[in-house]
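Below sits a lone chain in structure tokens, taken as the form predicted on its own.
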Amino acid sequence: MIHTEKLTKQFGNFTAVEELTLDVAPGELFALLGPNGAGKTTTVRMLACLIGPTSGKATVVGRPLVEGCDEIRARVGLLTEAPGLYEQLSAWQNLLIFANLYGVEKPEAQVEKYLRLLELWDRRNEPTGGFSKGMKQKVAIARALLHEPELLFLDEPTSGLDPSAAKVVRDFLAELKQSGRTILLTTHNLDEAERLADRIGVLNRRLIALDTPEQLRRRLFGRHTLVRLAAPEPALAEIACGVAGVQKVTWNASTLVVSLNDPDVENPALIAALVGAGARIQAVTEERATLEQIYLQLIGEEGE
């Protein structure tokens, strides 16, 4: 659905995006993360044909940048960070304008469909200038979807929204994902990215990491089983070290921290060995690095 090779954008002497090579598969929800100024919005603007690249090449929905931009614009949807509505017009009027610009068949029916899906139908005749930021964002999402695009670009879709409005938007994105829509999402909300994304890319002008959250977690932090005991028993660390798959064992107060290749497979043997040695186990859990820890580790390494 998206393929880029060394895609670069410069503004004068400043390089905003450097040699970005990336593939996004049909039906994938791909999250692009990075600090402010990392080039996320510039990347979206290039791929959506709002600005041209300085060098490199890309195809979007099977059409090349820059030659196929007319067709690309017709087949993608774009949500910018600022909704950019005609605030003196109603939600109905805003969406009807764009439905007609896109040449949507039965535009009134399509506008009604998305106003109802996004729980705006009862407010359809009110000027959008009086809407909350969350409601404006929902109108903008509806606008991006009116022509049923194959690919959806969402630039910070929940930025500045209160928790309730953000949840409505996230739930709707989850529904779009389930329907098979291809989505490229930029966000600073790492919890949102972890819950929604099939894969993530971490961008800091250049792409510094690309994988599923789980694979990045394993690569950077490994997997650890935490065995909380009634009291520290130093000899149990040696018992744990003798279990197949165990890489490292440390103590944290009364808890054994055991690094394993695959806890799902190796935990039963570990627990059996500890119980056989007389361990009084109170709880067994897995320590999982958060996406925030992964992100900060990657950005920190890049800074170094």
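These numbers were taken from a predicted model, which means no experiment stands behind them. Residue numbers run from 1 along the displayed sequence.
In what follows, reference is made to the form predicted in complex with a small molecule, a form of this protein that is not presented.
With the partner omitted here, the stretch from 37 to 45, 273 to 281, 60 to 68, 231 to 239 that lies within 4.5 Å of the small molecule by heavy atoms in the predicted bound form is 37 to 45. For the options Glu126, Glu81, Glu150, Glu112, the residue carrying a heavy atom within 4.5 angstroms of the small molecule in the predicted bound form is Glu81. Proximity to the small molecule in the predicted bound form, taken as a non-hydrogen atom within 4.5 angstroms, holds for one residue of Arg170, Arg206, His188, Arg73, which is His188. Using a 4.5 Å cutoff between non-hydrogen atoms, Ile294 does not count as a contact of the small molecule in the predicted bound form.
None of the heavy atoms of Glu192 is located within 4.5 Å of the small molecule in the predicted bound form.
With a 4.5 Å cutoff on heavy atoms, Ala16 counts as touching the small molecule in the predicted bound form.
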